[in-house]
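The chain below stands alone, shown as structure tokens; this is the form predicted on its own.
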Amino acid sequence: MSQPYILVLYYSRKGSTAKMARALAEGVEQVSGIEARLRTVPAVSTVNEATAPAVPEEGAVYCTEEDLRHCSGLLLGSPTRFGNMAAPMKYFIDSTSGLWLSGALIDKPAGTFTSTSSLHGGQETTLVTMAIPLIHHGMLWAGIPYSHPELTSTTEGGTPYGASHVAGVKGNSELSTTELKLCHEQGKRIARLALKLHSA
């Protein structure tokens, strides 16, 4: 039997959300008995003839339905677009009705994470709206509890709804110590929940 894994699924345009995904994966892998699987989704285009390469030029490979079906938990990340997830992630999630019909994701833990260019750029609405389709799938959405003192002291990213990052207008700000810590903690929390539910 293969080792259970947390699917860290993200879309990243300028690299900030990808950095978060790697930090969340590090948190997952700090928990014994479970691993992280990094996956991304292709960009979408308003030009109908445009197609993405079968394998991305860099970063994680594209997610398949089977990656999602067999995960023990999910961490879903996207930069914010007008207070919501980016279109490529929404497009992918909208294609998962087969998993919804089969109930494949019911009772699996899930968390969301995001990156914005400004401090009040719609982080919390993006995290919540990403959770809505996961709740429809029957997943158990978990944020970051206030037992982590960084939530009450942060002047950067970090919310009880999930990890977040302020990337700056040019998208080149590195993850702060606080943001990195909260990414690790969220990864560990979803991993621990997945193991508990997996053994139940």
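On a predicted model such as this, the values are computed, not experimentally measured, just so you know. The first residue of the sequence shown is number 1, and the count goes up from there.
The same protein has a further form, the form predicted in complex with a small molecule, not shown here; the description that follows concerns it.
Contact check for S118: a non-hydrogen atom falls within 4.5 Å of the small molecule in the predicted bound form.
Of the heavy atoms in T112, none are within 4.5 Å of the small molecule in the predicted bound form.
Contact check for R81: a heavy atom falls within 4.5 Å of the small molecule in the predicted bound form.
Proximity of A167 to the small molecule in the predicted bound form: non-hydrogen atoms within 4.5 Å are present.
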